[in-house]
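This text opens with one protein chain seen in two forms, each one given by itself as structure tokens under the names structure 1 and structure 2.
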Structure 1
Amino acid sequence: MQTRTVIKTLSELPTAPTTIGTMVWNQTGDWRYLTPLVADKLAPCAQHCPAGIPIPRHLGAVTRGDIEGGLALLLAYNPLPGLTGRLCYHPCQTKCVRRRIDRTISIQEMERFLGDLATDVTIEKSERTDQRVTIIGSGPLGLSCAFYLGCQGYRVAVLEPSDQAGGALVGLSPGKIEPTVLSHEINRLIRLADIRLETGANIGVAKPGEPPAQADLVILDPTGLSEEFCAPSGAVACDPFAAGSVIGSVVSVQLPKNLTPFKVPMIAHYIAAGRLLAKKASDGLRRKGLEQPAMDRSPLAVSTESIRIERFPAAEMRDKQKETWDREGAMQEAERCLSCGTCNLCLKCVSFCPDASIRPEGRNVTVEVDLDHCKGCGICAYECPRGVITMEDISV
């Protein structure tokens, strides 16, 4: 029988090799042939949002308790959330991966809650320019376009021929939209983008095809003008969803057939059209003296197969009829979001990396890889439950 050895002092320990210091000098990243790439991707819900809202990102801000930040991010893609939160046919919810576990996220109700917040939210805006844009009609398309142009620094005036702003939304039954909600949404949009709104305006152009005095560009909003309104001769037709830029000084917006006549549940499409039109108009105006901005690269889409739903437990369900939409209730609902394709610092990759080569990135809600020491084993990509990390051969 082997005798048990009892060590009583440090001097009795057996001799063993010891490393003093770190292995930072040993840059084992040269061993790697596949590289982990960390990049947020479009979630299935965002892929089917007509307004292109990065839903996991603004819900993630709400989850962290940053309600105002979540609202500001939402407004960057949808300046009328109180309207879409009541009127949109919400195709985003039909693609919510969470429904494969328990119940879809109440994305539309979250938009409605955030839109109804009585808050002094602020957004970033560009410096003011001397260029002026006049938008005739104050429907959802025209208001959206005015918002984005105003945020880019243009001096925007919205001229509404009738006594009430809202265009095709005016006159809807209170069961669809309350007049106070419509005015609240419009007033916030006007304030945030520093837009001048004039109701009961006398519409006219100096000459056919020319803009009114002191305007560099005039845009005619089909969701804000009656069918009897006739565009002046010389006005240039523009489909916001088609390729090409805005050419001319008076633009008559021509929408695709599926958006004409105006359809209330398609409101997010009209808001998206306004944002696209603002981009086209800004590009055209910048060619008159301002620097052309770089084109944004569209993020990749994440597939539902990349979401490891087996790693997410079912949540304790509440009675939807009894849900209270206060800050606490909104945070609880936002916490149920799987954050598909979007890093939310769950730190699974950090915990499982055998080389300690992944760490939180201090400026944003994401992680970064130490490529000097990452060997490309792929464990981080395997452990990422949201499809954010992929292994790629970047040598080709």
Structure 2
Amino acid sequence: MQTRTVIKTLSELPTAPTTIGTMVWNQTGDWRYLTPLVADKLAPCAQHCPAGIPIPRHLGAVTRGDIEGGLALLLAYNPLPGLTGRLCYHPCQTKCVRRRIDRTISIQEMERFLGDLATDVTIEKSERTDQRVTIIGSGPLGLSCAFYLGCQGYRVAVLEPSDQAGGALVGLSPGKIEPTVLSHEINRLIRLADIRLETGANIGVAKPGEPPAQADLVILDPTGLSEEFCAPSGAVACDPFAAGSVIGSVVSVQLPKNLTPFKVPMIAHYIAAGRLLAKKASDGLRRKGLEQPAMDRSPLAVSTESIRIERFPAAEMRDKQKETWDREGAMQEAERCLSCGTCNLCLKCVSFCPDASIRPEGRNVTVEVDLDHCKGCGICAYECPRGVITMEDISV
């Protein structure tokens, strides 16, 4: 906040009646009745994504040309995009609002493009702890769980009894998935999350009740172990989609009926299960002396009325979808995303704010309101075509 320089003596007065500072000291925020609230909401595509990916967010990064940033945002919800980008039944695309204007966004194609990027990305990671987690089986659930636990700083080891990692995904026909993709995805996953992967591991259980490995927590991955594999006695069953955290030191994952046995197109569900399990496991482990983590509040779904499709002009249809995307192609496609419920820095609110009181925030992912000056006219909320800004009575 700029301080207000005050003229106190005649000699300080400029000769001509010229200004000496700006009006920033004048806090017009107290003119306000309603306050603009900037908050991302779940887009219809994200609401229907089995992995719960807030899709407009990574599309937004790609639109801005930040392809690697887009991948990082995607990995935060899905560590195996190259696989889902090929195998998932993509309900997201059937819910895409854009289809009401011209045609749906190629969300899955984008996922695949990002997953196949050769470049590495930086992801957010917590500090390393001494707690160890061993995951037995390297199916999509196990790998996903390993990834998020690794990102949270746990020392994670994945023990795979067979010679090849991938569990249920190993041996899919090349028509479904190119042979190199699986290893590319797994390699990135273990590299980014700093995971020890051991194939051909001996995971035979010597005696009933004995833990299969020395660790603070052992997780048995149903998508990575054959059905013959018997859970050791003492293992606690856990449904990743149910409430509550993990109790006990050996966890046997119990999936809902519709996910068993393993179905390839449902891969995103297993990935989501792994992510949720990691969360529960982390909650359980932290209870041993660490502070309670903040509750993960799931965002509100955006209402369809707040998406003002009439404000979006129909894009000129390109002749044909490209076979393989380049960065520019990806950007062009991502640009078409309406970014329902998610700020994509279109800056309409910034352009239309009469009080210069809304501007991109520091991390450049959304906008923030200067409440010292915002007069609460409501233009930003009215003009936001994607329902990110709402006018709230915060005095209540």
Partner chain sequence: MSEQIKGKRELFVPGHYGCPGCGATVAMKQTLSVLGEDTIVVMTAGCWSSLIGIYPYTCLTVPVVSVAFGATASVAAGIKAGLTCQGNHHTTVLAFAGDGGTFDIGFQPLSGVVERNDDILFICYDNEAYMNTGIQRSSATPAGGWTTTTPDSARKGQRKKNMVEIMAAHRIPYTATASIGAPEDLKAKLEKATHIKGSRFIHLYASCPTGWRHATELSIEVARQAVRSRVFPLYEVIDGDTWRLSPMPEKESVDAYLNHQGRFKKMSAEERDRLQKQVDDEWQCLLGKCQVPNRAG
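Residue indices: 1-based, along structure 1. The structure displayed is predicted, hence computed values, not measured ones. The term rigid core refers to the maximal set of C-alpha atoms that superpose within 1.5 Å between the two forms.
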property	result
Form predicted alone - structure 1 or 2	1
Exceeds or equals 2 Å, Cα of Arg32 between structures 1 and 2, core fit	yes
Did Val367 shift 2 Å or more between structures 1 and 2, C-alpha, core superposed	yes
Shift of Ile358 between structures 1 and 2 at or above 2 Å (CA, core fit)	yes
Gly376 CA shift between structures 1 and 2 in angstrom, with the core used for superposition	4.2
